[in-house]
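Next up: just one chain, as structure tokens, the form predicted on its own.
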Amino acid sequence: MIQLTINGLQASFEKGTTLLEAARFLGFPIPTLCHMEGLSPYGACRLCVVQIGDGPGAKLVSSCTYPVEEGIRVRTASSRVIRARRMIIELLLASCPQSKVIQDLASEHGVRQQRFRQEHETCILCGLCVRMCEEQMAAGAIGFRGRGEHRTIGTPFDITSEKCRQCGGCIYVCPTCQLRCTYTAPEKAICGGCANLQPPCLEKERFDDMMCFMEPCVACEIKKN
């Protein structure tokens, strides 16, 4: 067993357990987008970042791909982690502002602006559809093509694959296909229509971590002034 500390709580886990699995087992919520139970970890969206260590030597890692290590100290909701997640959500909104999944993440994490060039893409390259097709449907009909900014998902040579059974699994897991929001203008990139209550503790200078991990934080006695 490997012993580590998560948000001040010491616990032991089996070798090979990821930080995401460990944190969620202890009841600490971590948002994810490219992660799904039953599919291999991919670490594409980086939304599940957590902080390892303290001080100048601290680092952010994707918890869905990072295995537990002996003696490390993990923080899942430090101010640095929250800032990183909000920045990632802004970038995702710049790519796919019409995705309700991303809009809900923005509302949940208090993102109220989007400062990057609007793209209105239909894919964020999370790889969920590729892994679903290969690992769960045993088809492998689609995959990644190209590199860098030219990277896309599709079939070889854009020819319909004979292995595709039209099961719809790829659409089922796609965060940009499930539900669509209607806001398309850059100035309305964040509708906020599904906004949730936010924990105000992180906005207080004396706190560097969230005070509790309730979802949403409705029992917090610290009020916004």
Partner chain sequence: MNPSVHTDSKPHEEGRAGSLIASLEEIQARYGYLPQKALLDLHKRTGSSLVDIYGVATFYRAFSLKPRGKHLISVCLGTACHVNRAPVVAREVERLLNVKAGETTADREFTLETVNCLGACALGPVVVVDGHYFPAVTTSRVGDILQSARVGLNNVKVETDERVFPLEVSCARCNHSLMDPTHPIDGHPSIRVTVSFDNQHGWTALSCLYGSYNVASEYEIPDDTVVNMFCPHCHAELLGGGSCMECGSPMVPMIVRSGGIVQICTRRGCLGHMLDLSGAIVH
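Numbering follows the first chain given and starts at 1. This structure is a prediction, so every number in the text was calculated from the model and none was measured.
Quick note: we don't show the form predicted in complex with the partner chain, though the next part is all about it.
Residues within 4.5 angstroms of the partner chain in the predicted bound form, judged by any non-hydrogen atom, belong to 146-154 and to none of the other stretches in 102-110, 77-85, 117-125, 146-154. The partner chain in the predicted bound form comes within 4.5 Å of a heavy atom belonging to Ile142. Although the partner is absent here, Lys163 sits close enough that one of its heavy atoms falls within 4.5 Å of the partner chain in the predicted bound form.
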